[in-house]
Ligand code: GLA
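As structure tokens, one chain now follows by itself in the form predicted alone.
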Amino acid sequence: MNTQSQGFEAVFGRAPEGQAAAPGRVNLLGEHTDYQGGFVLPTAIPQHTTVTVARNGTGQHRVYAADLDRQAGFAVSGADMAELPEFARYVAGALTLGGAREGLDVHVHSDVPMGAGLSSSAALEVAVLRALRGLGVYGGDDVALALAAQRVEHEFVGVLCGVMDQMASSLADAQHMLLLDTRSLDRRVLPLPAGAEVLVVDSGVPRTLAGSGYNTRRAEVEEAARLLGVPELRDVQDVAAVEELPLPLRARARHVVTENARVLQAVEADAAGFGALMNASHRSLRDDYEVSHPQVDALVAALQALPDVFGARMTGAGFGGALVALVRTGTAASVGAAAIQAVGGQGQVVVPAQT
């Protein structure tokens, strides 16, 4: 029986006890700075991951991913991560850190694109923890929940991510930007620049964080900070200081230092100024951090050439995935379609959501 389009009751044979959802996110500025204590500026996207749960009275958790039409089961007492499919590792980690001590049936449905750099994993982690909170199993507030979700990535999936994705999924909304200091976790909710809206395009080039250069980049900037004698590159105020480093550490550190500065400048920028900072961010990610992809670069260039676009860049960890643009209000759908046509039809508009 094909259960792909079926809900919780069809899969597990009884009614659920609770449900929770969490959004994906797109980062407007501040890429690859959160694991160096830096500043980030994400916003939530309209797409969500929804988790429906019920206790099952056994010592086993059962998970069904509707969008993959896959099931997995593992003991409440602990699971061998190597034996679980990737989607189930996120759920297993969240259930463990969320304090689930009795078996749960978990149904997952998501319209957050996977492999596009829009934090489908963070949305899943946050949604599971929110569902546990709804059952009275987990008691953490929104910040504690985000930190627990980050631990899932570190301890159960093996991705040494910063905290931006989980904080954005837990705290952001799709109408505002979240200015986040990832060291102190101080944050402010800010409006988008006047006269502008967000466009997100999936390049169609999938990427996986654990199998990409993400952990390598993190190790490189940690070594750069060590050589500069600072706890994190967040503490470097003058970009000239990184020029004494050997390559590629010099280029990696230059990106982080200049990207932090761009986020702080963007807070007071109008749409044109914000867009210019996005364009500069893409150049830095492409040339200094080397995490872009030719197909992403082509889409970014196509967007930047259009008159209604203030600025555009890759977003997320890179090596494929999505790109984000700030465009004139009311033009996002048409601008996205024009850019995709300009590169031969490769790519898909994610925001505004397609109906």
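Residue indices: 1-based, along the sequence shown. These numbers come from a predicted model, not from an experiment.
There is another form of the same protein, the form predicted in complex with the named molecule; it is not shown, and what comes next is about it.
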Inset, instruction - Answer for residue 161 alone: is it within 4.5 Å of the named molecule in the predicted bound form, judged on heavy atom distances? - result: yes
Legend entry - Heavy atom of residue 288 within 4.5 Å of the named molecule in the predicted bound form: no
Inset, instruction - Tell me, yes or no, whether residue 317 is in contact with the named molecule in the predicted bound form, where a contact means a heavy atom of each within 4.5 Å. - result: yes
Legend entry - Heavy atom of residue 87 within 4.5 Å of the named molecule in the predicted bound form: no
Legend entry - Position in contact with the named molecule when the complex is considered in the predicted bound form, options 274, 138, 156, 214, heavy atoms within 4.5 Å: 214
Inset, instruction - Pick the stretch from 60-68, 300-308, 23-31, 320-328 whose residues have a heavy atom within 4.5 Å of the named molecule in the predicted bound form. - result: 23-31
Legend entry - Stretch 228-251 - residues with a heavy atom within 4.5 Å of the named molecule in the predicted bound form: none
